[in-house]
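One chain comes next, on its own, written as structure tokens: the form predicted on its own.
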Amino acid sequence: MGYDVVVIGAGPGGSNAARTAAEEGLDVLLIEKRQEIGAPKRCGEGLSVGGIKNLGLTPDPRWAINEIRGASVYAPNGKRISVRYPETIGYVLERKIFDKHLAMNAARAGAKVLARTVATGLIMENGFVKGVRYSRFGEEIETEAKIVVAADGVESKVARWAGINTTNKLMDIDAGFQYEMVVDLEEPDMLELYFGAKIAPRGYVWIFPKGEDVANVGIGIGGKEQGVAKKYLDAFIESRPDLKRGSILEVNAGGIPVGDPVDKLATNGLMIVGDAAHQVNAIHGGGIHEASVAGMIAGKVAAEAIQEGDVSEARLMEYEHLWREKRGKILHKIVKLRQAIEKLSDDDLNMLAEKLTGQDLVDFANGKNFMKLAKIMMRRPRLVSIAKGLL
């Protein structure tokens, strides 16, 4: 038995690729190694209203569980920069339900979805990916495929099996650790972000409210930093009586790619999407929207390529071209911002906190208005070269 497309990994990227390909009339198989799609989660679970609209979704209280209207960012010296909007700008999700919802949409579109199914290898023929080997409940199975989509996350093996190097450099990966907690929250509709070398070296601590008294409390730190992420997060919680009194409901950990996307996103018979392709916002580490957009583009290109009878690398590279034009250029700018910020001292960050507004920070995280940041940094001679790197 064979399929037009086999998608490996049922995260947002894989499920959206499978759904899009199925909606285009293709015979699609979507496999997921975990026994439950969406669990365990590996992120703060935030998604903007614009991101939800881009995915063609309407917020559903089953998975869009808490409305967010702004954010507060804290400099190392405690200086707070806030931005609050009159309307809802985003949601904190319940990923266990959201990811499953996306997989259900793929199934409803006609894709066959199989959880607890582990890809073990690719079928290769004359330099082309021709199918997938996978294991399911002890049974070893081979299936042919005209195109394989590798959406198997930050630890991706599938693309490497096809000869594409997706290895993360240590400097381009952050270590993430997060608790879901019952805590006291003063502003349940505001995200909180805390910066400082002692708090979170080359990263930040976040508090993402999931309701009136429940939040994701997590941290991301540079992969090269001494000490583990949990140690820094525990120290932060210990310093805050409101958090120290809290209860831990869930623990999650994982790597976060924060470098540029991989150099090559397609080869003969295969495309890469999501964390596997390092399609992540390097400032806040968000990947739901990026993976989903990439998945939808890949699904559309797969349908067109199969209809034309050409699944060569040259044809599938259209996916890369379209994605880089739509999101890749922006993400590259954001990587440059991350590389600049990580060179700043706490004193530099404190200085910026005096000069910037909350809207400025929102713009920077979306790859906009870097000129303003560069001009402020250039007022300090030792930051001139760093500032020029943003332009």
Partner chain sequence: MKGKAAINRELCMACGGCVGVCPFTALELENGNKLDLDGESCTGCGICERFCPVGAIKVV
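From a predicted model like this one, the values you see are computed outputs, not experimental measurements. Residue numbers count along the first chain shown, from 1.
One more form of this protein exists, namely the form predicted together with its partner chain; it is left out here, but the text below deals with it.
Engineer: Any chance 216, 289 and 327 all have a heavy atom within 4.5 Å of its partner chain in the predicted complex?
Structural biologist: Spot residues vs its partner chain: no contact at all.
Engineer: Have a look at 235, 251, 141, 197 for me and say which one sits with a heavy atom within 4.5 Å of its partner chain in the predicted complex.
Structural biologist: Going through each option in turn, the one that passes is 251.
Engineer: Taking its partner chain in the predicted complex as the reference, which of 175, 181, 89, 164 has a non-hydrogen atom within 4.5 Å?
Structural biologist: The residue from 175, 181, 89, 164 that makes the contact is 175.
Engineer: Please tell me whether any heavy atom belonging to residue 243 falls inside 4.5 Å of a heavy atom of its partner chain, as the geometry stands in the predicted complex.
Structural biologist: Contact with its partner chain, no.
Engineer: Please determine whether residue 333 contacts its partner chain in the predicted complex, using a 4.5 Å cut-off between heavy atoms.
Structural biologist: No, residue 333 is distant from the partner.
Engineer: Residue 224 near its partner chain in the predicted complex, any heavy atom under 4.5 Å?
Structural biologist: Output for residue 224 is yes: heavy atoms within 4.5 Å of its partner chain.
Engineer: Does its partner chain come within 4.5 Å of any heavy atom of residue 146 in the predicted complex?
Structural biologist: No - in the predicted complex, heavy atoms of residue 146 and its partner chain never come within 4.5 Å of each other.
Engineer: Look at the stretches 152-160, 263-271, 104-112, 298-306 and give the one with heavy atoms within 4.5 Å of its partner chain in the predicted complex.
Structural biologist: Heavy-atom contact with the partner occurs in 152-160.
Engineer: Which of the residues spanning 16-42 lie within 4.5 Å of its partner chain in the predicted complex, based on heavy atoms?
Structural biologist: Contacts from 16-42: 33, 34, 35, 42.
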